[in-house]
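What follows is one chain in structure tokens, specifically the form predicted alone.
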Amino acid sequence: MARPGAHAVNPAMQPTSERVDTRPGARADRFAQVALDVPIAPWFDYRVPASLAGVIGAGNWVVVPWGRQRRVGLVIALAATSTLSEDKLRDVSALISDAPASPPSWLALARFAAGYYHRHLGEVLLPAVPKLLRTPPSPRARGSAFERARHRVDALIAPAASSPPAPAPAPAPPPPLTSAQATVLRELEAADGFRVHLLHGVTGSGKTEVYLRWINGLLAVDPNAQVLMLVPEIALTPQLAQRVRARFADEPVAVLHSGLAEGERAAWWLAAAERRARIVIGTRLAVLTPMPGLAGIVVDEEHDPSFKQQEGVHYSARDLAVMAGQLNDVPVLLGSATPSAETWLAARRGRYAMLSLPHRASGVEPPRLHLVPLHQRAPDHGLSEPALTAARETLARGEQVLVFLNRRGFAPVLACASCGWLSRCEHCAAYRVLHRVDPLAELLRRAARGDQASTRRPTRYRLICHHCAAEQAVPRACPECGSIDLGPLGRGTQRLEEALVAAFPEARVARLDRDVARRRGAAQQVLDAVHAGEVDLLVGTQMLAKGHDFQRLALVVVVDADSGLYAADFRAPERLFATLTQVAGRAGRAMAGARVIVQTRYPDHPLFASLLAHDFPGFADRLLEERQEAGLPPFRHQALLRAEAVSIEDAIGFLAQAHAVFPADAPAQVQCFDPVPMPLARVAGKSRAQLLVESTARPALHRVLDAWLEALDAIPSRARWQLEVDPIEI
């Protein structure tokens, strides 16, 4: 078997089929079926020792032997018998008695995810549990990991007994609701049990205020109620958590995402699992957090592709949130100014209840949008003359400007003017991007790796691959012809920032992209400076496009709006419209007369006509018509089999064998296409290929995939492969 992370199959690790032991004196709890985070079997049989007989049950966390090591696993069932011989069975080592009970609805959600994405239960559940809590206890450790996490919870949410806090100022009263917000809230409060609501609200319409009012009602009805709020990116959690904590000062609010320190993440996970946190705010991994009091779910920016996990089990947190609502019989609220095609279709067909906020809550008109045709190359600073003039006027009034370019680094590629050499990555089918290196970061990096020359002046520029992270110093001369005439092609945010500093020497310029955000706390420092009025001109990527409420921002300039118009992925126009709508929505949230300038070489494209008219419904309806005519999602359901190997021949060869063993009795509505190389055919030294399966009926697709996977496991190959259901990129 050659799935990612697969181990050689040991016969003693094979799953058993449950059957009744009719031998005299046989106990029904003699064997525990334990889910582990390994991809080779649904569960593993372990013998229940006499000391734990009658104590262990389904949903308990246990420590079990695994080779020469130990692992933490979850008991999913007890069995009277095992197909393994006695000499191959091993005992459960210990019961983690102070672990919280696993809610049945949480286990049901994990079983659904495992079945839908065709993976094992342990692969779904275990990675969602903080590493600290799924690490076997050390004999020398003081207390269990759960006990230590509980102490951390106490420190996070309990008031200090020794020094009572000073009286906090009374929180500001919530803003009055608009008539549209009040109507939406009444409809939400009238809902009983499971129902999915789509809140389609323009940027600045006050969706977050509706969320908070609705959550307040849910918590007031039941003192044990909990609410889950999902956001697409880590960068959006601090300001949302701050706003929620200000509104719910007496309620513990947990924050869960992969960027937290391990101890803090474990504490908040445990607080949610034990009902000590009534509100949980998190990114996609938070959807798999056990919440026994779950009463409602909010998915903000539901359209965002970041909700799709791209490592391990490729699940959609938005879709699992909907299923969690159904399993818990609680309402789910999806919010967006630009809903995904799948969600929009569900609302148009009546499966989701449509709620609308068509106007800004402040009463301020949305910003005026202008297209600036780029018939020739833009100036070196990236801004056309109309954009430069608008920026000067805005800064002269003491207002802020946002310049948006969704491309980080200094320049996409380094080129030789003499022979045409380009800075290709030798490990990937891509170019290494020219980056300007922060001198302090370079010194720290050299010191960390023990470079004896770490005190020398650091290299100012480096070439970095954004796919495999390989990097190198910028060559002094062309590697092909020896010419020293090397220069950057195109621009990224670093080069744009440098040019704007020169063009506006009196302005305070700041940049926010992934390179800046990599430094702990740096992203929040930039945002705080913007909110405090300490930044005049902000340069950034899509990290700035959503969720931020900049009160003094009067002008947004989109430097390059064309990258998504003619991309190979059929979802590119949908994502481009969403990005442009979101970034335009940062302007004029508290002031009239705001403007958005979009620079493009294709001003007559239909997408821009809908954008200028602020007409998302019209754009979305036309998009669905085109998708239906082309036979694309959401009117078809897809699965993508990906393979990677050292050579493209091995990757394609495995997929050719996979195509050959595709079930011959598959219904006509399920189609299997030929294998092809992926658009980015090589990453980190591995060649990649893909094979697409489509169906007009979801149940038929999954039945075929079940049968196909058994045949795929039997194919000997040097390729590593993975099946992804509902891929978001093809």
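Residues carry their position along the shown sequence, with the first being 1. Please read all numbers here as calculations on a predicted model, not as lab measurements.
Absent from the display: the form predicted together with ligand ADP. The rest refers to it.
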{"property": "Touches ligand ADP in the predicted bound form: residue 178 (any heavy atom, 4.5 Å)", "result": "yes"}
{"property": "Non-hydrogen atom contact residue 207 with ligand ADP in the predicted bound form at 4.5 angstroms", "result": "yes"}
{"property": "Residue contact check: residue 525 to ligand ADP in the predicted bound form, 4.5 Å heavy atom", "result": "no"}
{"property": "Non-hydrogen atom contact residue 389 with ligand ADP in the predicted bound form at 4.5 angstroms", "result": "no"}
{"property": "Selected contact from 589, 407, 595, 427, since only one has a non-hydrogen atom within 4.5 angstroms of ligand ADP in the predicted bound form", "result": "589"}
{"property": "Single option in 226, 283, 400, 203 placed near ligand ADP in the predicted bound form, where near means a heavy atom within 4.5 Å", "result": "203"}
{"property": "Stretch in contact, per heavy atom within 4.5 angstroms of ligand ADP in the predicted bound form, of 617 to 625, 342 to 350, 547 to 555, 248 to 256", "result": "547 to 555"}
{"property": "Those residues of 219 to 246 which, in the predicted bound form, come within 4.5 Å of ligand ADP by heavy atom", "result": "243"}
